[in-house]
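This document opens with one chain alone, in structure tokens, the form predicted alone.
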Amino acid sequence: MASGVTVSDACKTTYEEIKKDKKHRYVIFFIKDERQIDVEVIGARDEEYDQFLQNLQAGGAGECRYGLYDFEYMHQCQGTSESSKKQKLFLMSWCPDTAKVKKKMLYSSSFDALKKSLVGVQKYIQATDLSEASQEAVEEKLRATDRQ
């Protein structure tokens, strides 16, 4: 179900800056006036995952957000002794259980529009609480897509 919410050019530009130029570590998106997805916060390249989570929840317990993060971790292929650094972009839909139903519906129905405009994201994650959004939970989901 489409919500009619559009994606701003700033979202697409910031996404390209993260994907191609590695200018930023993450970006937080929000729906402005129930009409357009726009950029709320851009995280510097040296910022940690904890800061991403803080900014994702900065709106308060009743607010939903989208977050795009350039996640880095070490991966060791089976049968080798070397580890290599992996980078994966993931897009998270953050809709806490405490958010109002109307807001959750708007964000979940608009998630598709954002997915379609940000081509090349490796993983989509839906989180309703911190256990689903934690660094450990996200890394586990990203590692599940690695070849052994």
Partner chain sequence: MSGAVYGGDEVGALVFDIGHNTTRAGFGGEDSPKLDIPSTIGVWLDSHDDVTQKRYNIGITSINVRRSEMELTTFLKDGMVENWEIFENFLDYIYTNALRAIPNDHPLLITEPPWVTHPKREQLTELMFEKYNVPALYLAKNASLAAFANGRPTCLVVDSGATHTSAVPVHDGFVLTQAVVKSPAGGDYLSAQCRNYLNEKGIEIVPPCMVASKEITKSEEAANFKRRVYQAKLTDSWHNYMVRQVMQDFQASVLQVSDNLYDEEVVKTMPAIHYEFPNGFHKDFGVERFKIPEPLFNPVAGIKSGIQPTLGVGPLVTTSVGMCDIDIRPAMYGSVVVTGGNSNLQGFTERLNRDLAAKTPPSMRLKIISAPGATERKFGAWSGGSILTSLGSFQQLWVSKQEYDDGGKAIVQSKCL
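Only a predicted model underlies this, so the values are computations on that prediction, with no experimental measurement involved. Positions refer to the first chain, counted from 1.
There is another form of this protein, the form predicted together with the partner chain, and it is not shown here; the text below is about that form.
The shortest heavy atom separation between Ser8 and the partner chain in the predicted complex exceeds 4.5 Å. The partner chain in the predicted complex is approached by Ser108, whose closest heavy atom lies within 4.5 angstroms of it. Using a 4.5 Å cutoff between non-hydrogen atoms, Lys104 counts as a contact of the partner chain in the predicted complex. Contact annotation: Glu132 falls within 4.5 Å of the partner chain in the predicted complex, judged by heavy atom distances. Stretch-level contact check against the partner chain in the predicted complex with heavy atoms at 4.5 Å: of 94 to 102, 80 to 88, 38 to 46, 51 to 59, the positive one is 94 to 102. Contact with the partner chain in the predicted complex holds for all three of Asp112, Lys115 and Glu140, each having a heavy atom within 4.5 Å.
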